[in-house]
Ligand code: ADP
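Shown next as structure tokens: one chain only, the form predicted alone.
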Amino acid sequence: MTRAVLTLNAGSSSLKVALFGDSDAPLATGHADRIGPEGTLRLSAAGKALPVAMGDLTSHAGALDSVLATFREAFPGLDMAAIGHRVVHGGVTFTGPVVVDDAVLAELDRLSPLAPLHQPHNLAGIHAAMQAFPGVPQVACFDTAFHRAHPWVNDTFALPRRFYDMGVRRYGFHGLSYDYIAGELARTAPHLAAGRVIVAHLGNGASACAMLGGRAVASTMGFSALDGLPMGTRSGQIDPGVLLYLMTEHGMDAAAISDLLYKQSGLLGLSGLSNDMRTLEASTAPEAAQAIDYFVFRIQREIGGLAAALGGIDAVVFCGGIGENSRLIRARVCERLGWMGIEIDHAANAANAPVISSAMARTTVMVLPTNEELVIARAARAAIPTGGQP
């Protein structure tokens, strides 16, 4: 019998999964994409593709059924002890993982207007798992929870106070990634973890977080996952006056503006070519170069602002798909930050080494692969009744 915990990360048309046994190394991982009439499912174990038990991929529940059928074939006697879920928004109520019950589900559903493009799909994953595994603990892990320790000045907007009381505040996101990086720093570089660290989570979604002693002090993302850095298709920081102008002068309603900001902007909008940094780096189009220039500039500017929030800086950590893999972006970001004591070793950077700062640099620069699934799996394990630990 294989006792295991399953982690689920449900998107609008995707489902990312990982299966863990009694160690931090996953037994299997996978990704259902384009859930709907053209749905696909890829699963692997020990570095090899698993023969997928294809079923109904038109819904999250159907995709989960196909995942489970495949895992049961690959791991005879599979016994699910707990299931962990990534949930984008925990509001002000949830400051850590929580076992889901009817009251929790109702509160998470109430928060859906704060993350309309993410929360409903996260909840769809929970409902599908509850149907597949009645009685098995379902654990919600929140992208916002890591940031709930922000001081008030980094948590509020300069609006009438009633809006803050309504929940209009800076929540911050990518918290599961930042939680993992904080833990890895505490384990591998405790002298840095105790100090002033800026973590840049750079991928199709991008943000940066200032940490003091392993706790979040400020984040570039705010009320929504739109704020701060430009992303693959999201705008990042924008003057709200632009949105008022688009409404009054161009007749754009909330749906049109949402589509513009979430799906048509960022690297895709600036380049007119792609939201994939690999494609932009390989392109000779001037628009691709300009999109990269803007991405780099905004990262540099936000790192400077976060350093001010910390009162100085001891380390910068790159993570996420771009942060972990793009030598160009890391070098470009660091090249104008010498005034902060940042200087990289180009050979180490080219090798994707864990430490890419030069030996004499005052500020350490690191590359740490993040692992949100492991954070979720650990929370799910903690919810297993005594004696049921995988």
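Note that this is a predicted model, so its numbers are computed, not measured. Each residue number is its position in the shown sequence, starting from 1.
Omitted here: the form predicted in complex with the named molecule. The next part is about that form.
A.B. asks: Look up in the predicted bound form whether R381 has a non-hydrogen atom within 4.5 angstroms of the named molecule, and give yes or no.
C.D. replies: Heavy-atom contact with the named molecule at 4.5 Å: absent for R381.
A.B. asks: Under a 4.5 Å heavy atom criterion, is T364 part of the interface with the named molecule in the predicted bound form?
C.D. replies: Close contact is absent here: in the predicted bound form, T364 is far from the named molecule, nothing within 4.5 Å, heavy atoms only.
A.B. asks: Under a 4.5 Å heavy atom criterion, is E281 part of the interface with the named molecule in the predicted bound form?
C.D. replies: Result yes; E281 sits at the interface with the named molecule in the predicted bound form.
A.B. asks: Test of understanding: in the predicted bound form, would G62 fall inside 4.5 Å of the named molecule by heavy atoms?
C.D. replies: G62 lies outside the contact set for the named molecule.
A.B. asks: Given that the partner is absent here, state which listed stretch (62-70, 46-54, 322-330, 32-40) has heavy atoms within 4.5 Å of the named molecule in the predicted bound form.
C.D. replies: Single hit among the candidates: 322-330.
A.B. asks: Tell me, out of G205, G222, G236, G195, which residue has a non-hydrogen atom within 4.5 angstroms of the named molecule in the predicted bound form.
C.D. replies: Contact with the named molecule in the predicted bound form is made by G205 alone.
A.B. asks: Exactly one residue in N154, S112, N275, Q300 has a non-hydrogen atom within 4.5 Å of the named molecule in the predicted bound form; which is it?
C.D. replies: Exactly one listed residue reaches within 4.5 Å, namely N275.
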